[in-house]
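Here are two versions of the same chain, shown separately as structure tokens and labelled structure 1 and structure 2.
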Structure 1
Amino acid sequence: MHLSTLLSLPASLALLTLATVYASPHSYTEHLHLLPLPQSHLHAHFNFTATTPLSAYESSHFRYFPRSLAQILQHTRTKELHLRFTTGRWDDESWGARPLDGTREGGTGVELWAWVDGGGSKTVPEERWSELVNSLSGLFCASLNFIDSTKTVRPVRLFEPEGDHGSEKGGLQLLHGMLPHEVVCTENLTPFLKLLPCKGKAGISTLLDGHKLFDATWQSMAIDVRPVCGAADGGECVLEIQQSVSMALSIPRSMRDRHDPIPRPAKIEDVQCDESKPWNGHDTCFPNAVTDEPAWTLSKVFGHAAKGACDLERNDQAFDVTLEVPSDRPVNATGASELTFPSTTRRHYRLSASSSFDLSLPACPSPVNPMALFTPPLYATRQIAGHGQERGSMHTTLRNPHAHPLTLVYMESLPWYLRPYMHTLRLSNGKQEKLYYTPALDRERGTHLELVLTIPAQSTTTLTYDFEKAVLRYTEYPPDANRGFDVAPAVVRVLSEHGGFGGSYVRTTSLLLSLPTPDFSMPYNVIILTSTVIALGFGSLFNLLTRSFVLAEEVPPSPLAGIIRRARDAVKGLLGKKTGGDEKESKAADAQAGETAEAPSLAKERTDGKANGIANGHADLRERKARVVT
């Protein structure tokens, strides 16, 4: 009888949600953008965007917006948050400009920056920041809690808020921290997926598999939370969360069989030989350079096909997947409807809720790259030069490939144990417009160095400075085996020519700083050895000094022994009296006692005499010794 009501409950809930979707700007969209890159790579950009009205957010009413994150943001009064988990390198010489101008990626490891409502206080934002990083640390299973005051900087020109903060903007404070050593792994992906409404169970998020994601040549997971006030939502401000995963996969590597991923040498039939070489033969094969894009399928590249759709909005115009390949390239898509838009290179697909989606592309014979690679705004590399344990030098090379000068903001956040000599800061070419510098305080604050530079057209600029390596206390070294200390990447923001918000971001790789490291096992050995020696030496010496050497006979009888003897005698006396009545036994006992009583007294006399003799002799000895001493 209750069955019908039970069954009708989900339906009514669904109706309710439908009603609210259209009534309020709770929205959720997801999108995957696929772009084949040169050198057999594939760029995949997953974007999951959810919004919630600020009013609903403040009254803790969430639908698509992850509650766990929202509560942290509310508690710490964080108004805008950017969190990045990045591994690998984007090869901008082969692949061109970074996706989305580098705005959705971070430096190697973890990077976090946020605008926190400071409430006009100086210490409050730091406390809130500390709460924020500790909470996020728990939420994302990352060591974000290690972003303490020594790793936090306050960039001046590097970032601008992306959201619309209105009148609040003045009170917000930007804090920025990086963890270059953090190894991003599956344990960070799982909580990331948990934040999604479909939790990686349906839609494009099913493609995100730790095995493939972390085998990518480059990948960056990003979470961006910002308030957006647009006319589209009827003027009401919404809080938007963009979760994105951007990755560059090597197609041959990810197409490998999952059960046998070992890249054994290819069969000789599969190697393309250069037959123009005179020595080409059955056992000699000069391999042709692989320029073709190999055939690939979505299900093999990502491990499995996309299952179902996470279509919560029922928006007929929305599309889930965009593939950017030349229009003449054959593409076989299954389990999706293709939407046509007037674009020559982009194909859009809409996933169906019931089937799994797969794409397959045959090998592309000619390496046609219709998207003429966008020239990166800037090439930046950064290295530590020098050798030895004491000094070093930081070399940053910035190359402007464009025909116009670039203005950029260059920021470094250095750990305190790397002490830059600012007087050695040199810029080989170009102009230094501004310098923001916060010197480090040992164990309290890292160095913050921010430069506004102008680099002439088509030129290379080298930024160098020398630094000194600090000597750490022994407890400040990591307790486990380590290769050294990581220095966070430099972040470069290339300002757009026409002002306004924007500019693109380029990050260098992180660096390895080897500090003078003691051999920790050596002090241990030394401590053990010296302790033993001292214990032996001190022990025997102390023994010699404090002990007085006397002959056994000189030792006065111990009072305790006297007491015991007297007690024993007393007991014996008592026993003797008691057993006096028993004649036979007492006779025998007396006889025995007499013998035993006599024997000790005799023995005592003998030993006494002996002791006297020895004592006398000893006195002689002592006299002689005294003479020797004097």
Structure 2
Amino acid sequence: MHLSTLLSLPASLALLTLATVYASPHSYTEHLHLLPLPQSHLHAHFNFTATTPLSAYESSHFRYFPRSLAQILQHTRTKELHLRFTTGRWDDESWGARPLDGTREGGTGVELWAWVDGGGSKTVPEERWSELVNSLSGLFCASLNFIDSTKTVRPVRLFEPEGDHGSEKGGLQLLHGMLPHEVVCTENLTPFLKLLPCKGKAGISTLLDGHKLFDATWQSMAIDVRPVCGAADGGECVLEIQQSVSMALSIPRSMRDRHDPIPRPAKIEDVQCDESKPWNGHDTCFPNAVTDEPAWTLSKVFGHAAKGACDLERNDQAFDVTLEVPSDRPVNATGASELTFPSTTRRHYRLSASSSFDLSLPACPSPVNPMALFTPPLYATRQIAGHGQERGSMHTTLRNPHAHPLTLVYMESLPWYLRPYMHTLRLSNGKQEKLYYTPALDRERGTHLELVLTIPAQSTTTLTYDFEKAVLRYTEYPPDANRGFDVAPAVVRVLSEHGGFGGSYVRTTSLLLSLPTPDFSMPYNVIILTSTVIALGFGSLFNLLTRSFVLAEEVPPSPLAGIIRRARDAVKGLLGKKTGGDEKESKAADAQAGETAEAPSLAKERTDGKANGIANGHADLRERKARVVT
């Protein structure tokens, strides 16, 4: 597939937008660009552009421009805004260059940068920036309020204003923040659609379904607000907002039945096996690479067809959908009229306001007119190396695939708990032109590292440095502390060959940093043990101080105990009257039997007594004789 024409899409959209702007200051246009990609993927780019005169904006008069966003920009004195919601990864090795030169995409998660009127102060921009992120957080149902001073940097060479600010440009200050851990989902898409004039009820915005969008391999939602002024004719300046959604969909995955979304393996007889492999057999298959383009329809890929057109001040030559396929590939379009332009690979369609629009493309065994992929301007990868919980190293690889050297701006925004050692910064096979560095302050400010580099032609440059991991307080760890901490991706801007700004952007993937994590069960054990000791000690001491100890004899009898005792005695008395006569007879019989039994024993005792007396008498006599002899 040819992606070079995709890069010229902003120019065509700009011409279409400018033609509408000068016809009417209040304007609205929308456009969908479809491009099949290798590996059975489809790239879809939705663009919605609305403008309003600056005079109407300052007087709070809006027609197509969203009022909710305009009020936030007016309150925070924001002159230019760029907001990104991105998930997934663009496979530049297989799909070629990034759409729109990477100008309408951001890093993983949420990325925001804006030019704020500083008013000649250093603290006022930070206060307005804080109000801006908090307001946008509520508007888009995102965690933008977590972009505080520790996640905010001030880039020097990475970004340039896209709008025409005139004499106000000198007083504007750029602030940039990223949230790599933010999960983009449907609750962010709904406020995005509410900013559109048709609210996602008509036009190409009806194709934006959350189930399909967030199931894509890669997707990015962008909002760009900038002032645009006329050329030399002195036309009126307008405030332009561009809302865009760009995604790379897997066609087989998107066309899966919604009622049975579980992926199931294909049957062995439906898989094309590579029979040249030695392990190929009747039960073993090594699949061939899929080179055929599958059949697909717009309604099955996005869940339903486009419902009519959002017909707001369109001119006769405006088109809503562009399909980029070879001219000899059959295409069946319903609910739209095809416009003819001098192009061999693009087909333009104008939607009908009263019928649904759908596209149908049959399977293509192999590209009829194969075209080479457009080579990306730069390949960039970034990894964390090292072992242990104390130190590590950062490795960034930049590869220039072109036959001429590249000049680029490389920026990293590091959290404060990742402390780089700048004396270990090493650049191999490249030249460092300039360095902008702002050190971090614990819990107050992150690290800002920005370099201007030159990479030789068809070579690879490696940027490395060592860093130290900080130890956090136990209250600063998130609930999933053992997962790690997200590090924002690096942003690379490739400058034009003449050294000026206006090149393409490349962003690396976000990283996962493992910090020293304490055993969070120990605080629980300490709390339980401490509470037990305190309870025992305090309880004993409290008893000694508040209780009075007396003898049991000193305790007065309880009235209830006296009542119980009297009741018991009364019951015994009643029982004693009934059994009194029987007890007397039994006592007399026992006494008579006792006297009879005692007679022999008394006689025996008398006999034993006499014997003992005689024995005692003889003993006394012997004792007296012994005394006389002595």
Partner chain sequence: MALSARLLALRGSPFLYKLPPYLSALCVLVGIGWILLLPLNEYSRQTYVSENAILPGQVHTYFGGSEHNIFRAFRQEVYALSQQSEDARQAGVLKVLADSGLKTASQPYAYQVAGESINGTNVYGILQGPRADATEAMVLLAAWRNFDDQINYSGVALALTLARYFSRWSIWSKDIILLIPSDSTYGPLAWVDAYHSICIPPTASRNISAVPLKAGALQAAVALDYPAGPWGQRFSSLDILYDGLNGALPNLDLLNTAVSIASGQMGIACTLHNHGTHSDSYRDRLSVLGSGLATQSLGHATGPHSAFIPYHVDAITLKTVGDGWHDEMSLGRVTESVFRSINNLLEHLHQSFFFYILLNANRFVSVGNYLPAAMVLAGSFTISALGLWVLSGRDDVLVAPLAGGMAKEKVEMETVKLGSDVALVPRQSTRTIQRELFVPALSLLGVHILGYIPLWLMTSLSRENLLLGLRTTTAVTLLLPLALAATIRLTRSQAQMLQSLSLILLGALLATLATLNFSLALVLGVLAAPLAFVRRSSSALVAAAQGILLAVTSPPVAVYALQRMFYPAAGLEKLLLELAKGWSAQGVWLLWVVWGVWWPAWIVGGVVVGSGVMSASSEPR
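Here the rigid core means the biggest group of C-alpha atoms that line up within 1.5 Å when the two forms are laid on top of each other. Numbering runs along the sequence of structure 1, starting at 1. Nothing here was measured: the structure is a model prediction, and the numbers come from that model.
**Student:** Pick one: which structure is the form predicted on its own?
**Tutor:** Comparing the pair, one sees that structure 2 is the form predicted on its own and the remaining one is not.
**Student:** 2 Å or more on the CA of K122 between structure 1 and structure 2, with the rigid core superposed, yes or no?
**Tutor:** It does not, since the K122 C-alpha is displaced less than 2 Å between structure 1 and structure 2 after the core fit.
**Student:** Fitting the rigid core first, would the Cα of L551 be found 2 Å or more away between structure 1 and structure 2?
**Tutor:** Yes, the C-alpha moves 2 Å or more.
**Student:** 2 Å or more on the CA of G166 between structure 1 and structure 2, with the rigid core superposed, yes or no?
**Tutor:** Shift of 2 Å or more: no.
**Student:** Provide the displacement, in Å, of the CA of G537 between structure 1 and structure 2, taking the core as the superposition reference.
**Tutor:** Once the two forms are fitted on their core, the shift reads 7.0 Å.
**Student:** Given the rigid core as reference frame, how large is the C-alpha shift of R565 between structure 1 and structure 2? Answer in angstrom.
**Tutor:** Displacement of the alpha carbon, after core fit: 21.9 Å.
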